[in-house]
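Here we start with a single chain on its own, the form predicted alone, put down as structure tokens.
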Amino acid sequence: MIKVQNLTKSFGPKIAVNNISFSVERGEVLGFLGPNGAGKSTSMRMITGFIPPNSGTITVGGFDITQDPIEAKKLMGYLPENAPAYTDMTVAGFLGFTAELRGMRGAEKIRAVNRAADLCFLNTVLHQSVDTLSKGYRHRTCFAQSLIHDPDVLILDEPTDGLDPNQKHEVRTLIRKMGEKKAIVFSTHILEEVEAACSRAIIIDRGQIVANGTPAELKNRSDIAGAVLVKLTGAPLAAVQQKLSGIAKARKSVVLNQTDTVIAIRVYPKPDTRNGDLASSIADAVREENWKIQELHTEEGRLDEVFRSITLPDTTQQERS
């Protein structure tokens, strides 16, 4: 549904987007991640035809956004960053206006407004003017306009911005559900949204794609992915470190915490160790010494760790190490 090839955009001497390529199929929800100024919003504005690229091509549903913009935009709904709305209109009036812009009239327009209001939980404020809405409801109103024509493609720039936790949960659930039948791209800097709503994620930094994969694949790039956290009681620290470091499948061990009664250690696996093998080896080693296990589990990777390791400047990473 969306195909981006060798897309580049510069503003004077600054290269905002540098030769990126990716595609999004129907049934995919693609999370677009990156630090501020990475090129997320610029990329989305080019995909929607809001600004032209310097080079590269974008097709939506087979239509080139620069050569056949009307047909491409018919297939899209767009929620821009800091989405604007006519504040002197009521919510129903604004949604009716956007439906008319999409060519709807009469009963079709009414059905479209009611459907969008239902999806975005706006029925209680339909007859309020936009300028009286809270930030969350105003953002939901702008989200509803992107859905008014039931598009095959959705481009959403920070769709949960300004929403409270309950509203964020509703929007993420809606995105995940719509993603079963549509192609959706949404930008976010909230990493938990990737796991909550995305089937795939791209990390962009300084205008270039630096990672592309499912949330699980990205988490597996974390340094702690596959490591085993073990908490022991009744065990001397020196003996524990010597025993766990001697396990064949262990690469290294790090003491996380020590009290008078409990030792917490993270043991890192050697490359190509199968999931569960290290935990089993640790459990066997602890039983041999008759130490008591308070906790033992294999850790998942963390997206925040992967994100920081990829997007922090090299000098900052060296300082952290």
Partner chain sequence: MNSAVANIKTIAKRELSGYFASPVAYVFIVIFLLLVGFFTFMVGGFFERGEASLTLPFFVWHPWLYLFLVPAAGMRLWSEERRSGTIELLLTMPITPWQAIVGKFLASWIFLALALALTVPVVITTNYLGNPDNGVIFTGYIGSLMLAGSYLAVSCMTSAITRNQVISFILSVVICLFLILAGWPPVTRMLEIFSESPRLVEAVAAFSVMTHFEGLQRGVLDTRDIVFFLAIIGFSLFTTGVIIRGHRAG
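Numbering follows the first chain given and starts at 1. These numbers come from a predicted model, not from an experiment.
FYI, the form predicted together with its partner chain isn't displayed, but the following is about it.
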{"item": "Check all three, Gly49, Lys73 and Met89, heavy atom within 4.5 Å of its partner chain in the predicted complex", "value": "yes"}
{"item": "is_contact(Phe186, its partner chain) in the predicted complex, heavy atom dist at most 4.5 Å", "value": "no"}
{"item": "Pro215: touches its partner chain in the predicted complex, heavy atom cutoff 4.5 angstroms", "value": "no"}
{"item": "Distance check, Arg45 to its partner chain in the predicted complex, heavy atom within 4.5 Å", "value": "yes"}
{"item": "is_contact(Arg102, its partner chain) in the predicted complex, heavy atom dist at most 4.5 Å", "value": "yes"}
{"item": "Option from 159 to 167, 138 to 146, 205 to 213, 119 to 127 whose residues, in the predicted complex, bring a heavy atom within 4.5 Å of its partner chain", "value": "138 to 146"}
{"item": "Contacts with its partner chain in the predicted complex - residues in 1 to 24 whose heavy atoms fall within 4.5 Å", "value": "Lys9, Phe11"}
